[in-house]
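Here you get one chain, nothing else, as structure tokens; it is the form predicted on its own.
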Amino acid sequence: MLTSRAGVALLAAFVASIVVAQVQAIPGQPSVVELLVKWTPLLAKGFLFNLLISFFAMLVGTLAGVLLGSARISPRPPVRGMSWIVVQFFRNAPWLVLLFFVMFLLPFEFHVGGTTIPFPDWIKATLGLALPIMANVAEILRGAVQSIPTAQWDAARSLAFSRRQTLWKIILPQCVKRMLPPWMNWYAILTMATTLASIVGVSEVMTLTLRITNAEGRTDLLIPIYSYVLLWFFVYCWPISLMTRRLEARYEVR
């Protein structure tokens, strides 16, 4: 969980890095603050790209996770067993390995008739990041369903509801508030993990940061600009973490 103390410490480190960089700067060169202001629009575009990847990865991972989680609570043992294997594999596999797996597994373009359709790297990175989210959402769903009192199932059965009707009309609606806090927590984790996409060649904020430092050729810019980007991620993810803690306290089962 992100805390306000961590934010204050990060802000202090950012300011300190600027002060140190200014002391080390060669007279006549633009200041570090001027360079940060100069490159902020480009960094903002890259950061928005990170948010775009996180949004679609969370969307795909949630939809697939709901289906996989439904298989985890299936009354059929083969379905439960296979879904358990899938969940354990993608929950425990390193995210970077999954990214490389998807990048090399999927083609760079599709040929439909005489038309060539490119398959961008950022979409493959989105799918790669969606896989661990899928597995964790499946476990969140399974835990939420199992936390519902069995009397709910018995009451629905006495009213002649089928298992599918009971699950989708009675059980899952009650699970939403229980699933929301951990779901939001995983979204914050995913947002910070989108920087891994830079390793597989996606031009997001970390890739642009590296290009900026290479273009400027100033070693004193290195720590301030990375601290600057890190501060952006904190500012975006801290409200999510704060809301997660509040929802957990509100929906806590006493």
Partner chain sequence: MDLEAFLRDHGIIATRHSHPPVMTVEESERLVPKLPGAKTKNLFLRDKKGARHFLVTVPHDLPVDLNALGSALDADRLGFASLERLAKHLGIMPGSVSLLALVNDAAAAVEFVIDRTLWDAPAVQAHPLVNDATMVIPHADLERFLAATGHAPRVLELVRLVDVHKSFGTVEVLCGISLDVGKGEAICIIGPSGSGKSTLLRCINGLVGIDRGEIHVGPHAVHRLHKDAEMVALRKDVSIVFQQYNLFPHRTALENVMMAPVDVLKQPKVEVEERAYSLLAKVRLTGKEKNYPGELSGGEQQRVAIARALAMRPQVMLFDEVTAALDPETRKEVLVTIRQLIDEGMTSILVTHEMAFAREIAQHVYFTDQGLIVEHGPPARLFGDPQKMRTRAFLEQVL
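It should be emphasised that the depicted structure is a prediction, and the values quoted were computed from it without experimental measurement. Residue numbers count along the first chain shown, from 1.
Below, we refer to the form predicted in complex with the partner chain, which is not included among the displayed structures.
- The stretch among 109-117, 78-86, 91-99, 159-167 whose residues place heavy atoms within 4.5 Å of the partner chain in the model of the complex is 159-167.
- The partner chain is not drawn, but in the model of the complex it has no heavy atom within 4.5 Å of residue 176.
- Within this chain, residue 147 is remote from the site of the partner chain in the model of the complex, having no heavy atom within 4.5 Å.
- The closest heavy atom approach of residue 74 to the partner chain in the model of the complex falls outside 4.5 Å.
- At the 4.5 Å threshold, heavy atoms of residue 155 reach the partner chain in the model of the complex.
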